[in-house]
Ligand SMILES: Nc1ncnc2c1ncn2[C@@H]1O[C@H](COP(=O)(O)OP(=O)(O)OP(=O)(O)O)[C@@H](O)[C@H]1O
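Coming up is one lone chain in structure tokens, specifically the form predicted on its own.
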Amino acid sequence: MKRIGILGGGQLARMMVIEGFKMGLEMHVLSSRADDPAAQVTRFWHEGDPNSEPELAQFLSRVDVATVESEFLDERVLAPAIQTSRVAVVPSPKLLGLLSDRKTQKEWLKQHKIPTSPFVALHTATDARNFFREHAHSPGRKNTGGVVFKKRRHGYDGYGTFIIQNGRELEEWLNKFGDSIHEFICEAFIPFRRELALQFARNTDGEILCYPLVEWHAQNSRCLWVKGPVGAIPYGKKSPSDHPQTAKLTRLISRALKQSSYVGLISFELFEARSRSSAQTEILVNEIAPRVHNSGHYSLEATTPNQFQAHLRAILNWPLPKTAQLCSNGFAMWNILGKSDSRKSGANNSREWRPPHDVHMHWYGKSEIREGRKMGHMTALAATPEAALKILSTTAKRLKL
């Protein structure tokens, strides 16, 4: 039985543990608390800090291969711990370090000719002002929305992201963050039509599995729902179609993963927008997550293999199909988010509530509810993506945390 180690104990690790046991794997978790979501579902929990070199090296010596649930681990800790234990962490620390920094992530996209928004690395306030003058307005068009400052590391769910629409806001931002400006990049704001997502898994032999294109929607910068499969919608059209840009993007990403020797699951958040140079539709990569991702939770019921199984198969170099097999014509996922006015104590409220028979519930075992915190998610399958999403939106109105 292969022993798999997971660095981190959140809900992504929890779902990976559950799927790993189904595959006949022995799933180990390194995290700080025994009540962490992943620690609750395995007897192979190890107390420790993944960013502590001694504790990490000791944990790695007990498993055959390890992986991460978050890309924000210190490469300077991972590399020596791997050398000491002689156990691999997948994806590689080098790629985790590269893709967890938005500056080097953007440079990686540019290197592999994968379309993304214009950006600049920041060293001085002059860099920001020059980029704002160049990209806040497009010739012959109304204000596109300005620019976006993004923290290079540890930014997610809107944290560390600042949209600047005019010169006054720019100067206010510089007054507040000017001393740490090198910790940010600046991007041109993209007035997107929809947010989309794609996922891929690649094993050591170079087999690449591609998941269907999905649409996702955020509320307060946090993913609320996902539906699919969807096609890109060319401007001037009312319904999705197989857009050539989607196929081209898939080829470019597959080639980049091969050239970078990436192993594991990787997720791409996309913008579907009107081209800045024409009236055509363009699909741009907004951000990359080198791990399993919220936008792929639908796969637990909607595809074979699901994203967690695919990631484990990839890091073990087990065979991968070229595409995920769909279990339904339509699927959707809805995040169950905490609310600030909740007086109850978390997921235990599910005992007082019965979901409809066509809804699959996934609770994360978190005892404390905070506003916007992901407490769980639910999925549904239906004849169309829209029908699946309607089932979940109706259910969400009846569910009170």
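One-based numbering along the sequence shown. Predicted model only: the values in this text are computed from it and were never measured.
Although it is not shown, the form predicted together with the named molecule is what the next lines describe.
This chain lacks the partner; the member of Glu282, Glu207, Asp74, Glu195 within 4.5 angstroms of the named molecule in the predicted bound form by a non-hydrogen atom is Glu195. Site annotation in the predicted bound form: the residue of Val87, Ala136, Leu326, Ile190 reaching within 4.5 Å of the named molecule with a heavy atom is Ile190. Contact annotation: Asn203 falls outside 4.5 Å of the named molecule in the predicted bound form, judged by heavy atom distances. The closest heavy atom approach of Phe184 to the named molecule in the predicted bound form falls outside 4.5 Å. Proximity of Ser92 to the named molecule in the predicted bound form: non-hydrogen atoms within 4.5 Å are absent; the residue sits far from the partner. In the predicted bound form, the named molecule sits within 4.5 Å of a heavy atom belonging to Trp216.
Using a 4.5 Å heavy atom cutoff, Arg102, Val148 and Asn286 all lie near the named molecule in the predicted bound form. With the partner left out here, the named molecule still marks one of 107 to 115, 326 to 334, 120 to 128, 267 to 275 in the predicted bound form; by a 4.5 Å heavy atom cut-off that stretch is 267 to 275.
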